[in-house]
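Given next, in structure tokens, is a single chain: the form predicted alone.
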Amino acid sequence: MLTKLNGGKIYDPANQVNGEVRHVFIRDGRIVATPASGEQVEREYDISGRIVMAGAIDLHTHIGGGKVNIARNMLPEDHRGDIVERTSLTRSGCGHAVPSTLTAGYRYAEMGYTTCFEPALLPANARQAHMEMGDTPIIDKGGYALLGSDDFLLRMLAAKSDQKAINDYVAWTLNAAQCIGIKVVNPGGISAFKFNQRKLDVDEEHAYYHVTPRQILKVLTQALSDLGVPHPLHVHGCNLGVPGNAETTLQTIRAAEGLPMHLTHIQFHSYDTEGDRKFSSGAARVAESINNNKNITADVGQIMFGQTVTASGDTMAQYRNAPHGHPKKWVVMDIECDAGCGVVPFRYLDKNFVNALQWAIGLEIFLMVNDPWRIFLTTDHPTGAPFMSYPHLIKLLMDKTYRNNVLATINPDAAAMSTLASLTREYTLYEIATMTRAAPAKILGLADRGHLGLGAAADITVYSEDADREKMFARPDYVFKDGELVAQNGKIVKVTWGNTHVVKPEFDKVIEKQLKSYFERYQTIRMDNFKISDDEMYECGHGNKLLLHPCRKQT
């Protein structure tokens, strides 16, 4: 069937199209060229004057895995406060800070998002996480396998294994866990916490393995470069939330040694120690370093005021945050030989000095990093805020008058310590399309997503232009997923099941001999059961496709 979107204003940065009026044709889930004269259009949408972008991509959102389920179990009040009724098309669901799988898929699609990535998929829990994401409707999914505190890698580093062996282990993990990238959380720190260390700086040794975070970052960054994995190492750095950690972030950038590295929820890693409270913004220093190091990309992890829940693999940070929980409950747990996690409910308050300054720091970074291809819109859902707050965040970025009006209402001491009022930059629609569509697709290696060129997947969002950007981005007129209309005027009109994005770099099978012995001695699961097959992915994803993206060929 041939579908035509007639006369929309196209914002497609991947193809350098900035507001041009064009038609878009769709056939068999793909964008195609203008058909030959006389070919019949079977379905047409008049979108004259409306804004057209590719479906949005969230490259960092916690939507599946153990810590998400812990958060759901901990917050029945969150479920009771936000119940989604069953309709003729959709099933019932619940949750605002941590919505159920069904609710998450519906709400992302209603907001114009068509692809989302779980950023901390623990290989030991990968099967369960993929089943959860498989039960999340409409959107495409993918995961980053969590390494860096796992016993096997730390043993390799302590034994001074060569880079080739580490590359094989990383590639094996990506294949076994069916992931698209590698994530490191507080490198070595989750393990160090188990040995009673309560902090671990970039050049501080692990008490048992005598390995530093810098060494972990170096070998994992090198491994992904050697293997040609498109997405660089996804780094949750040391000292999350600690005043003075801006210096740690600068050290982390240096640890990359010029290789590609992605810094996640950078707002939580951009704090200095000036002022009477010994807490201040380090955003200017961090943004300057990102601007000067073209190998570095970052997502912000913006906080927004209100109730949420912080969920992280960083047991050090979550143990430290536990006394600040709201409501007063928390979980920090160990997970076999691989990692751990912590869940702490939290309410960000605009009159609280620290929270208000955190809010300002995130916006400072957005506005001071020059290149929208290297900074990404996230709230580290749900840690900084639920993903449903994205339209409000976009308004803050696009409307300096509105932004300054909100700034005038927050804690006055925090506002006085921020440079936000002096920043006049306003994001354009083209820049929003870059940071939420084209740039995430590029950094993840999704050649057929994030753009509207010929052959691209027909993931398309259509908006009525509105001066109130929050209103505009909250309720798109039309959302197409693989060419099918799934949402209209902010409501689901068809339920589909998305795809799963993976990479499968090659590796020397010799690594499996070493791994098999390790699993038999230390793990509660055998190696062959640890690995997830393509058939299992198909079964747990409602029969969805496994989309394999190529690794770069090495010269």
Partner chain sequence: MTQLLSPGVWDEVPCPFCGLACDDLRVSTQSSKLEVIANGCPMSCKAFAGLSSSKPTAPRIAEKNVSLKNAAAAAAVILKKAKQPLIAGLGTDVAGMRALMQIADRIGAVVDHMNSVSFMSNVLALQDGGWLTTTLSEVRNRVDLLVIAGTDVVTRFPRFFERYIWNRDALFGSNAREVVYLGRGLDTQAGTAPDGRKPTVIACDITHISEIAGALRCLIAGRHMQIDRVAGVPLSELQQLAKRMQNARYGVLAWSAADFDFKHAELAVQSLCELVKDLNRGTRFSSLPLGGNEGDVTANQVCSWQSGFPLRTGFGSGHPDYDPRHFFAQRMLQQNEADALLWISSFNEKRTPPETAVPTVVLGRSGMSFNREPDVYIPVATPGIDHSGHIYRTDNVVALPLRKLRESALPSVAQVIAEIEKAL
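Residue numbers count along the first chain shown, from 1. What you are looking at is a predicted structure, and each value in this text was computed from that prediction instead of being measured.
Not on display, but discussed next: the form predicted together with its partner chain.
Picking from 376-384, 84-92, 298-306, 232-240 the stretch near its partner chain in the predicted complex, with a 4.5 Å limit on heavy atoms, gives 84-92. Only one of the listed residues (355, 100, 212, 248) places a non-hydrogen atom within 4.5 angstroms of its partner chain in the predicted complex, and that residue is 100. Only one of the listed residues (488, 514, 499, 523) places a non-hydrogen atom within 4.5 angstroms of its partner chain in the predicted complex, and that residue is 523. A residue is said to contact a partner when one of its heavy atoms sits within 4.5 Å of a partner heavy atom; residue 484 fails this definition for its partner chain in the predicted complex, lying far away. Although the partner is absent here, residue 339 is a contact residue: one of its heavy atoms lies within 4.5 angstroms of its partner chain in the predicted complex. Within this chain, residue 330 lines the site of its partner chain in the predicted complex, having a heavy atom no more than 4.5 Å away. The closest heavy atom approach of residue 73 to its partner chain in the predicted complex falls within 4.5 Å. For the partner-free chain shown, 125, 127, 128, 131, 132, 134, 135, 151, 155 of 125-157 come within 4.5 angstroms of its partner chain in the predicted complex, judged by any non-hydrogen atom.
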